[in-house]
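We begin with a single chain expressed as structure tokens, specifically the form predicted alone.
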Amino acid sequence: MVTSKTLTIESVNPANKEVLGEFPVMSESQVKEVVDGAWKAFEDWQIMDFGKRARYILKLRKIIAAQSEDIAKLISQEVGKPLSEAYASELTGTLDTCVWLADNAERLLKDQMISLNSPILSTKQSVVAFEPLGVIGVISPWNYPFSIPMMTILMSIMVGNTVVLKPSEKSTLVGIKIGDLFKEAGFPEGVVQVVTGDRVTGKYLSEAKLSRLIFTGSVEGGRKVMQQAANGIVPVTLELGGKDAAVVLPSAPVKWTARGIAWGAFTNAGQACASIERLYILKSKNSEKFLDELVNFTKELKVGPAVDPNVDIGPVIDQVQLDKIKNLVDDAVENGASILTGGGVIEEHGGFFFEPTILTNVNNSMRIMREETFGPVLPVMIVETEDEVVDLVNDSEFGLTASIWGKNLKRAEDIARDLEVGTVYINDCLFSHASPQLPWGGIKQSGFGRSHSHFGLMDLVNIKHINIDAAGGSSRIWWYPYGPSRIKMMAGGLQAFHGSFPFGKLSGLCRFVSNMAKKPK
């Protein structure tokens, strides 16, 4: 929330609407000053060896682990996440990233020698070096306010970059805590800094002098960030929305799969870009039984404030999100959908709560099947064939993740290879965002670029090719001057290397050798 009388933002607990704090909306000049400081810190940080950077990160790991209870409570308080989810989805992946980077980054970013297969290039050596880019801007979301920015920051600084983080205005407290943790770990001043504010502050960061900008958020937000970064030709990595589908095969165990699907749909109150937001059940003798089990299991989930340790589903982030969810459910019902459970706002707790909801009698033309809901709502279709289910899953503007559930793993993998997404899970969902070894990212309007893993590291470095020629002082056959003999030599060389065997190659070799000694003109 942005206050109108002064340039500040308020952090609000979504479970009870309590104001947790008020923070400045930083100006353009303040953001520039922070970015300038990051560039200054980069001068020394980039030349520090991997071992020293790893020691900083491992010290940070110990501090996070020691403060994990307080961090989990802060996350839960500011965004409404149940404590069990704060530990599992926010802290575990962050700590694992510290270890993975310390153990593997230097090996993964070691110089690579590239061999050249052409004999005429035999005097050359090629080296590929991976060098830090400079200052990385990170604009992070509120739904995973700790793990998303932390895992990105850790990878960025491990390769030698410095970082300026702009957290969501809805999770400013967590963003400030991230900055404090790096200070406690003794990182040099300017290596990791935090700027606070709203979308205008984000605009100032997007337009600043950066080496790369990493944005996680909505499609519309990503579009604006690209436009803002374009003037400076700043490359961007975008992790945007999703409308992720789950496919249940006839071989799927009923109770176990129902539990997994429910978690994938309702964890974090459905506020994950990889939440299961569409469910397609392949028709079989068990399809109705599975749907009944899913509905019954959903009815048992407890909704409420995260201060209750027995709560399964917390609030959504604010009134705007609550209204959006309600609007999409109402629109689906008006167009023929049926509510099997849930469907309404819960007012008794005093916060922004919505019942976990399951809908049937939906189709892919409905808004509920096409727009990202970002709430605890699961529309379900029973589908006749595998071909139809592949078409339905791919009939989306988004392409982040999908999941397939069943004991027949070969059948599941065959379907997985036909789906237009960045990640396909078989018999699970969502978890891989917390695994630093695995790539994360999507296609279509889910964004582009990859975070995490070796592939994510490649987004954070300059891949520099260095070519060394040992034959200094000698001429190159492709240099000036040209002439008839040079043309014959080059044409003969082409046939010698790539012509038909044996006559084309022998003829070409003769033409090549006989014209090498002749003057071009």
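These figures come from a predicted structure and were not determined experimentally. A residue's number is simply how far along the shown sequence it sits, counting from 1.
Same protein, other form: the form predicted in complex with nicotinamide-adenine-dinucleotide (NAD), not shown, and the subject of what follows.
Of the stretches 165-173, 327-335, 284-292, 105-113, only 165-173 has residues with a heavy atom within 4.5 Å of nicotinamide-adenine-dinucleotide (NAD) in the model of the complex. Contact check for residue 267: every heavy atom lies farther than 4.5 Å from nicotinamide-adenine-dinucleotide (NAD) in the model of the complex. In the model of the complex, residue 212 stays away from nicotinamide-adenine-dinucleotide (NAD), with no heavy atom inside 4.5 Å. Though the partner is left out of this view, residue 403 does not reach within 4.5 Å of nicotinamide-adenine-dinucleotide (NAD) in the model of the complex, counting heavy atoms only. Contact annotation for residue 140: at least one heavy atom lies within 4.5 Å of nicotinamide-adenine-dinucleotide (NAD) in the model of the complex. Checked against nicotinamide-adenine-dinucleotide (NAD) in the model of the complex, the candidates 242, 375, 80, 149 yield a single residue with a heavy atom inside 4.5 Å, and that residue is 242.
The partner is absent here, but in the model of the complex a heavy atom of 440, alone among 353, 440, 425, 182, sits within 4.5 Å of nicotinamide-adenine-dinucleotide (NAD). Each of 198, 217 and 228 places at least one heavy atom within 4.5 Å of nicotinamide-adenine-dinucleotide (NAD) in the model of the complex. Residues from 115-129 do not approach nicotinamide-adenine-dinucleotide (NAD) in the model of the complex: none has a non-hydrogen atom within 4.5 Å of it.
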